[in-house]
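Only one chain is included here, represented as structure tokens and corresponding to the form predicted alone.
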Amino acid sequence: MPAHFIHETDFREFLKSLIASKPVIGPVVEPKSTGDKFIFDDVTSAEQLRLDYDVSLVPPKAVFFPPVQKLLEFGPNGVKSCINPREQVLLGVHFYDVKAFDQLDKLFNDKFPDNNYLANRRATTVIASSVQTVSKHAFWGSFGKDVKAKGHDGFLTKVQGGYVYETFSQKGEALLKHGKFGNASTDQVSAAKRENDAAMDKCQEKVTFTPAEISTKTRASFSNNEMWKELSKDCFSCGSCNIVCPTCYCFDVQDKWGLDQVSGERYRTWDACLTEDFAKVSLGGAGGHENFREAGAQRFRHRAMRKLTYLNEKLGGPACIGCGRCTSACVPNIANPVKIINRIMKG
């Protein structure tokens, strides 16, 4: 599909028309911050949208896979599904988060499709945007570069005088009617490519090993108990690194019963493999249980294995996109994947 161009002076009117037509979710300033923290939320005015953000506090996967999601309602008359997607536009996602969508699409489609996720995914038009500001903890410029983002309908790149808009699907093409788009010139397309290529060199954090080298070494380090104890000794087992991770997909399912003890609802919440109870299972009743990863070092190792080696073959690359959110969220400052990778490769 051809590339399009919209002048910066016309871009606000494009946003206004789009917002008036359907719900738009995009990067906005987190209300309680001083203006330097961002979240993905409903955009009600063109002025709210901040395409110059560095990284969102919580990944935009929450649009498809909410932190708390009601799955069904039950009662004396049977069970009712709560799948109720809305047609919407997710605007301004960075390419690394699109790569996370690609991974979740595979995982939630595997063997037994998860329609609670897929319904939201299919109802959403995803428009990615260029990285104008790079987070200080990001390392996507040097990690997993060979894995290209695919799961988006269009891509906006800020260039001099406006935006180049590339469309990859009919859903992406359908948004053109909301703005004064023209065909992008060869120079504008080249400028967009230069902008996106240049961003890859702006990450302060660097990984100097290939994903294949890291995967092999990580798997071989499974029995290096002293190393895992060293890496995890300050871990609180709080799960913050899991909660902000765009590729984590574990969840817990609970039933909430009504006072009549007949009706109620089933819902799921995000879960975290770093927390102590994650691998705890009931055993023999009367409060008996077994914890398959009781030690913090075991849980820390499990997360590293999942991100760096276990899922590589299934996903076509590491289950880490280099966003750096876990580094920002970790209070004892031990979750930085670059530091973990370097320690693993050291042996």
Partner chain sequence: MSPKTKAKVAFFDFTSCEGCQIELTNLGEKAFMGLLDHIEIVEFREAMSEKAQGRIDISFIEGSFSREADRKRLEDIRSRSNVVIAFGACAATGGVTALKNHMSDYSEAVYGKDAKMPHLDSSFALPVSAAIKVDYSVLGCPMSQAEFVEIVSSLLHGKEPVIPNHPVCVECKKKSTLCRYGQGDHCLGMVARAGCGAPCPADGIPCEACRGFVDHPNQEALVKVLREKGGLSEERAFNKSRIFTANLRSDAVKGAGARKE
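Residue numbers count along the first chain shown, from 1. A quick note: this is a predicted structure, and the numbers were derived from the prediction, not measured.
This next part talks about the form predicted together with its partner chain, which is not shown.
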Q: May I ask you to state whether Asn333 is within 4.5 Å of its partner chain in the predicted complex, using heavy atom distances?
A: yes
Quick check on Asp255: any heavy atom within 4.5 Å of its partner chain in the predicted complex?
yes
Is there a heavy atom of Ala191 lying 4.5 Å or less from a heavy atom of its partner chain in the predicted complex?
-> no
- Partner contact for Pro67 in the predicted complex: its partner chain, 4.5 angstroms, heavy atom: yes
Only one of 161-169, 198-206, 228-236, 124-132 sits within 4.5 Å of its partner chain in the predicted complex by heavy atom distance, namely 228-236
The listed residue (Ser142, Thr216, Thr275, Gln88) that reaches within 4.5 Å of its partner chain in the predicted complex by any heavy atom is Thr275
Partner-free chain; cross-checking its partner chain in the predicted complex, the single residue of Leu57, Val29, Ala46, Ala295 with a heavy atom within 4.5 Å is Leu57
When its partner chain is considered in the predicted complex, the residues of 243-272 having a heavy atom within 4.5 Å of it are Ile243, Val244, Gln254, Asp255, Trp257, Leu259, Asp260, Gln261, Thr269, Trp270
